[in-house]
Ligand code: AMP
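Only one chain comes next, encoded as structure tokens, the form predicted on its own.
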């Protein structure tokens, strides 16, 4: 069954999603990267997506649906872990129309811990993968790229992004519960290995 990964910023989702994909044979769907990939394809709607992204505009729902349908049609036999969609009630409706079968894993972290982690993190500019403040080194161990600090990773900007998560994405958890979707909450405040141990308990049921 597919996994829908829901996370508060700073919860370490990149690390955990990578491990799930590697150790359990899942394809990793990260919304931003898949939109970029789709924009480069020879697909009737790829150029439209590319135009929106080059202009830093939000990609409309119909184009997101086209991208999701293409991914479904080309990865139909894969187990998929989804990251970055849906982030709102509106996106949930279009996602469910294409991928109706999944369970939800929520990487939970307090506001205070999220702000602390994000304010000190560095990212890989080529992938967007983040490395928390306790990461030792200036280069990504996966791509070799020099890590940078995002200019908007200030405590004020981080707090604003977290509020958007609480306003738009967190309410989806209650909706999934009402729909009898399986929703698992993981304590993301623990270290990487402990968090993955929690995930393995969930995945063992599938």
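Values in this document were obtained by computation on a predicted structure and should not be read as measured data. Numbering follows the first chain given and starts at 1. Rigid core: the largest C-alpha set superposing within 1.5 Å between the two forms.
Another form, the form predicted in complex with the ligand, is not on view; read the next lines as being about it.
Residue heavy atoms within 4.5 Å of the ligand in the predicted bound form occur in exactly one stretch of 86-94, 105-113, 132-140, 69-77, and that stretch is 86-94. The contact residue chosen from 173, 147, 162, 59 relative to the ligand in the predicted bound form is 59, the criterion being a non-hydrogen atom within 4.5 angstroms. Remark: residue 158 does not count among the residues lining the ligand in the predicted bound form, judged by a heavy atom distance of 4.5 Å or less. Put simply, residue 52 is close to the ligand in the predicted bound form: some heavy atom of it is within 4.5 Å. The ligand is not shown here, but in the predicted bound form it comes within 4.5 Å of a heavy atom of residue 36. Positional change of residue 171 between this form and the one not shown stays under 2 Å at the C-alpha, relative to the superposed core. Annotation: Cα of residue 51 displaced by at least 2 Å between this form and the one not shown, core superposition. In this overlay on the rigid core, residue 152 has a C-alpha that sits 2 Å or more away from its partner position between this form and the one not shown.
In summary, the C-alpha positions of residue 38 and residue 100 diverge in the predicted bound form, ending up at least 3 angstroms farther from each other than in this conformation. Expansion of the residue 97-residue 38 CA spacing by 3 Å or more is recorded in the predicted bound form, set against this form.
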